[in-house]
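Below, in structure tokens: the form predicted alone, a single chain.
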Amino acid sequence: MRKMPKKPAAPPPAPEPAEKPKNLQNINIPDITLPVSLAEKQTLLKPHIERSHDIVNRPFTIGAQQPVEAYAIYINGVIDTDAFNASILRPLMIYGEDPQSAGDQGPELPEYIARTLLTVGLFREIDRLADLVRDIYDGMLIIMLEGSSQVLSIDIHKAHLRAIEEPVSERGLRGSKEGFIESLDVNISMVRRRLRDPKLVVKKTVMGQRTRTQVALLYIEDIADPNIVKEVETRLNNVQIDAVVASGYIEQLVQDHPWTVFYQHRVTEKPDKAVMQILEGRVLILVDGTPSSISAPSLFVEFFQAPGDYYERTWIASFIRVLRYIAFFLAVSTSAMYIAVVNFQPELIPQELLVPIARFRNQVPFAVVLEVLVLEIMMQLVIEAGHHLPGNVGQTVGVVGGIIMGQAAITARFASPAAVIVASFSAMCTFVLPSPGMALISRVLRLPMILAAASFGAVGFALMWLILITHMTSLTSVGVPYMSPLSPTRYRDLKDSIIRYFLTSMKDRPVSIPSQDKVRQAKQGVTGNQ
């Protein structure tokens, strides 16, 4: 028997995911050591794959002098078959041309093959049945050999990806036009390309017993607060669920207050916005199969901010941001204020307006609150129809449907012109908000505001706002006050809350978000306004 040649340097094995929580262990798969015999390995594996007809079991032989039987197992359509044929199957089958016989390697053959023959970068050796079954259904290529309990698990996924394009729901006039897609690795690379800090930490784990969805945690090690990082990791590890189909599952399972209507984590499809959040000390969560990211903790004021605010001049950005706050208030309150004034305080309406409003109201056979509610429901149906129809068709339905229904309602004496204007104006205000989540919240809050104003007039309207503000101040996001820097007041952070102050003056990271490194900008030698 010839002496085995010196092994060349091996490519680094694939980084293994973070340790899986106990709840991810599938009790239906026995966690036992694989046998040495290839036939016995196939016997153990057969009950777990025999019902899946898309799993390919490809036998082949390694070497010619002392041939070794082997099997390649993979899911059809998931792996890159060109890479399999050229980089794995072909080198192994012509191994007989090497003067060193395959049969001489014995139990060390898988390791020797991985180091000398395979030209792929991501692989690992496994010897447990549970890991073998999981890797097959995770889309790995499995190479099983006779005479060794070690099995090669090789990652040669073939990705069918859509093009990177600007998110429809977060369009901007300036800045990046890229958006996340459904591939976790591509999304991580988009963050890496913008944030080339060696302190950027990427931790991967698997969630969902049946879906086994890959989830990544991203943060900057010397900026993010360790307590927040630990808390987010603990919440993710404590999730016990059989399926994680999208990031919305995780967002709801790790939030502080599940019963509130307010989003406690900020969701974005834009990589530049995600990078801004990481740089402020937040933890970013990316989920495979979802073209969006989740950041924690998040604050109420963030839902009125957009990346374009920091690309524009200070006065322009501040004006637009104040306009968003006004739009949110009007989106929630306009219909309720109309009901309160018409029903309880008509003397507040100028006489020039009161007379035509009263004349048209006499022709409508419904109470004001019922009239407004019917119009609101009609408007919400038009908005939802526009969202779920194809782009051009949805816009046409939204515009034409709103005009036709509004005009028909006035002509049929179903609603007064003033009520139609109020309902349309409320809907228009929701489109000003940069966050789709906050736009949905304003649509939901409109209903209790209308009912409170219809019951108690201006007193009910004010009381409902008091209840709403009290509720918001009681919320937290990963333990951080949701209404900060307004409550509790963080004066230093007010320069980037309701308005956007000069960039040269925002030298420190927000105090409202706990972080280790507070300084993000050194003293500038430039003077004058931006």
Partner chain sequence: MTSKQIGFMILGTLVGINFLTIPRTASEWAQQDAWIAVLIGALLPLVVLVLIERLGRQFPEMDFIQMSQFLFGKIAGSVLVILLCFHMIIGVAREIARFAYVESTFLLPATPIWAISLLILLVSLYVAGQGAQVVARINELLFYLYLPAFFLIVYPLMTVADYTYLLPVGGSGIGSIARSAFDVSLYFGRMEFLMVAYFMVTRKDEVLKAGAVALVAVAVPYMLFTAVCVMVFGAEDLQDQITPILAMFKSVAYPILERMDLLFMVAWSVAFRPAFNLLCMSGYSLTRLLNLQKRKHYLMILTVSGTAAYLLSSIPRNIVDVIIYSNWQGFTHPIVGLGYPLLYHLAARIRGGQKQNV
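Since we're looking at a predicted model, the values are computed, not measured. Numbering follows the first chain given and starts at 1.
This protein has a second form, the form predicted together with its partner chain, left out of what is shown; the following refers to that one.
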- What stretch, of 50-58, 499-507, 35-43, 471-479, brings heavy atoms to within 4.5 Å of its partner chain in the predicted bound form? 471-479
- Query: Any of the heavy atoms of Leu173 lying within 4.5 Å of its partner chain in the predicted bound form?
  - Reply: no
- Message: Taking its partner chain as it sits in the predicted bound form, is Phe425 near enough to touch it, meaning that at least one heavy atom pair lies within 4.5 angstroms?
- Response: no
- Hey, in the predicted bound form, is Leu370 touching its partner chain, heavy atoms inside 4.5 Å? no
- Task: Check whether Ile29 has any heavy atom within 4.5 Å of a heavy atom of its partner chain in the predicted bound form, and answer yes or no.
- Result: no
- Query: Mind listing which residues of 465-490 have a heavy atom within 4.5 Å of its partner chain in the predicted bound form?
  - Reply: Leu466, Ile467, Ile469, Thr470, His471, Thr473, Ser474, Pro481, Met483, Leu486, Ser487, Pro488, Thr489
